[in-house]
Structures are given as structure tokens and as C-alpha cells.
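We begin with a single chain expressed as C-alpha cells, specifically the form predicted on its own.
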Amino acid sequence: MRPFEYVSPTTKAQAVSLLASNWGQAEILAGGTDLLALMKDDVVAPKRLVNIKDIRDLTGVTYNAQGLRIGALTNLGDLADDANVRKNYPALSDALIEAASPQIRNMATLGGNLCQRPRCWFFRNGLGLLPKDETGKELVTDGDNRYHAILGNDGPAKFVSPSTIVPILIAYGAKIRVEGPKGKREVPLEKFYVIPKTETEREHDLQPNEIVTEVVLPASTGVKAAHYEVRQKQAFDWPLAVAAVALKMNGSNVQAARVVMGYVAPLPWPSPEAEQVLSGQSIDDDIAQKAADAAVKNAKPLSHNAYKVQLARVSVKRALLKAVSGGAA
């Protein structure tokens, strides 16, 4: 690990003032479960670490009739155990409980989870976000791409978005709040993720001198939601496919639907195709299968990951059936 300066601001304004205008000069330290690993592996080498754990108004969960507010420093374990989350956003609680291991959940923060870097082994081995050889040829295309994207992979980005809880947050309609030298801004969480086209870009709509402050969710009254993961083993493991759904019902029929997939694209991947299939329908096994087929109809697997198409299809179908059955697997 390379030498770095360590600072601990106590206000958001102080934290913003200590960040840099270019990536690579300063990094935010929250739970540290991702950043410290990147530093130890020499993937990133910031000159300054800005520890934000002493900023008190970045923690806590608040619930009222308008919805839920979650401070960015709230750890995943506390969020999963929060009574209001478990009662009003049970699919989010399910996703949180399945995220990582208990030890990591008790350290990792919500903001850190939303901003974590890709788990792509090319990136983690220091070959860059969009790895190429000396001739400019993409390494992922002909390399070991078993766990890479099957959707949204037309450009140079072939990694998959790494958060397992972002899809259900997007399905619930979450917004993310950010603060920087130009003030505060709020964006829909699904717009926070972007597909980089060059190595100088990042995969988040976040400037180097901005910090994530909180996430807000609208009221969930009348929403049936579910989260479903496909992974190689039940114990802690990175998923192969994730699906999250949120359904507003009119009796037994779907009035509005959100279907969001994870671990299949460089960003969380909403499926308007699946949502269109579901509109006005009563969900049974046949409709769930048709929606799942629609969700992956535009998939373009790479040389070694065609199996993920079927796993993504299965995750969408099972999430839909889980949602309408009241959460039963």
C-alpha cells in the first residue's frame, strides 16, 4: 500500500472541501470494505483518504407517510434489521440479508455499496475498467468472460454492475442525494449509473469532489415486491444473476410494474420489455415466463457466458412469482 494523507472531517462541507477535482487524487473512506482492498491490490492509489465516519447526519433511517430516508453511512446490517424496512420494504430487507456476509454487512455502508467498483477480474488485477492490449484489442471479448455482461455490452464496457441491492432500490423508486461544491442534487437511482466509454470516466454520475449523502424511497403502500438471486452456492458468493420486481396491482391485475436485473450489464438493467408484457395482466406461471423471455430477448452473450441468459430469465420469473405469492420462494 502506498503512502497517503488521512483526514477526518466532521461536516459534509468539510468533506467536500477536502476532495479533489480529478479522480485518483482523493477517495472517500466509509466502511472501507471495497476501497481498502483496491488500495492493497494497488488498483487505486489515492494521495488522500477522506474519512467521513465522523459526519453524524449521514447515518440513520427515518420513516414517515412520504417514505423512507436512509443516511449514506448506515451500515447494511442495521438497515436490514430496521423494523420499518422489514415491515414496509420487505424485499429490500431480503436483498440486504443476502448481501455479503454478516461481518461485511456490519461494516459496509449503503453509500459505499452503491458506489462500489466492478468485481471484474481484469479491473481488479490492474488492467483497467475497459481493458485492452497494446494493440487496442479488448481483452474481455476473447478472454475469460464467464461472469461478464450479456446486456448493454455493445461498447467497451463488459463488466457487470456489482451491487446486489441496487436493483430492488430502483424497483421501489429510490432516489439518491449528492452534495458537492455546487450544492445539492437529487437524481433517480437508475440515472446514477452510467456506462463509461473511456478509461477517464467512471460508472457513476458522481464527480470526484461530490459525496453521496442519502437515499430516499417513496411510500410502498400497495406495492408487491421481490428480490431473487441465482448464485453458485447458498453461502456468501457473488451472484450470477439478480432480479428485482415491484408491482402496483389493480385487484389481481398489474397496474404498473418495474423489473430490474442485476449482474447482467454494466449498470442495473431495467426491462421495459418485461414491464410491457405484465401491464394489465394477472400474473401466473405463463405470464411470468413470457415476461422473463422478454427481459432477455436483446441479450448478446460473449464467448463464455451464454449460460447467463437462462439464469437471468429464471431470476425474473421467480422474482415475479415470489412477489405475487406474498414473498414465498
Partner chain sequence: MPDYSWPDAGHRTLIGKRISRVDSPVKVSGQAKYTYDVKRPGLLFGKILRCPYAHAKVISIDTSAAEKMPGVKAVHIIQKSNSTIHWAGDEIVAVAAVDEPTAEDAIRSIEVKYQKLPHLVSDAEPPKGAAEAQGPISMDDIDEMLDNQVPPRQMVEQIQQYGITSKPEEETLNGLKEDGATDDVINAIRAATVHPEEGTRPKSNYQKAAAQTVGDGEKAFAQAEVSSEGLYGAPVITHCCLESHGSTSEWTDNDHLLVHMSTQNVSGIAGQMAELLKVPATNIRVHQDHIGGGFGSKFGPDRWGIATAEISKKADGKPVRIMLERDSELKVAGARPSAYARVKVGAKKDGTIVAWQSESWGTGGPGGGGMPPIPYVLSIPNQRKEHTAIRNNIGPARAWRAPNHPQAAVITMCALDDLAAKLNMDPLEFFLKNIELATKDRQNTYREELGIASDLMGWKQKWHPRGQNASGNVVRGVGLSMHTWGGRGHASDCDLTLHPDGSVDIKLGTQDIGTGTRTTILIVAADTLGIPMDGIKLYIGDTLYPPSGGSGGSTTPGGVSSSTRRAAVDARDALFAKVAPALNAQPDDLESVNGTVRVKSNPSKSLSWKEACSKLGAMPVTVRGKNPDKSKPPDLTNSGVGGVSMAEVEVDTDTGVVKAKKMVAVQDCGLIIDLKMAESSCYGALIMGISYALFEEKVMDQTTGRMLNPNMEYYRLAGLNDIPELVVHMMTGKGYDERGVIGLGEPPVISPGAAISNAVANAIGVRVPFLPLTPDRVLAALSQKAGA
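Keep in mind that this is a model prediction, so the values were computed, not measured. Residue numbers count along the first chain shown, from 1.
Only in words, not in the display: the form predicted together with its partner chain, which the text now covers.
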Requested in this report: Indicate whether Val216 is a 4.5 Å heavy atom neighbour of its partner chain in the model of the complex.
Outcome: no
Requested in this report: Check whether Val230 has any heavy atom within 4.5 Å of a heavy atom of its partner chain in the model of the complex, and answer yes or no.
Outcome: yes
Requested in this report: Report whether the minimum heavy atom distance between Pro90 and its partner chain in the model of the complex is within 4.5 Å.
Outcome: no
Query raised in the report: Closest heavy atom of Pro208 to its partner chain in the model of the complex, within 4.5 Å or not?
Result: no
Query raised in the report: Among Gly143, Gly173, Pro196, Gly180, which has at least one heavy atom within 4.5 Å of its partner chain in the model of the complex?
Result: Gly143
Query - its partner chain in the model of the complex reached by all of Arg2, Leu240 and Gln310, non-hydrogen atom within 4.5 Å - result: yes
Query raised in the report: Going by heavy atoms within 4.5 Å, which of 248-256, 184-192, 145-153, 216-224 lines up against its partner chain in the model of the complex?
Result: 145-153
Query raised in the report: Can you tell me which residues in 115-137 come within 4.5 angstroms of its partner chain in the model of the complex, by heavy atoms?
Result: Arg119, Trp121, Phe122, Asn125, Leu127, Glu134
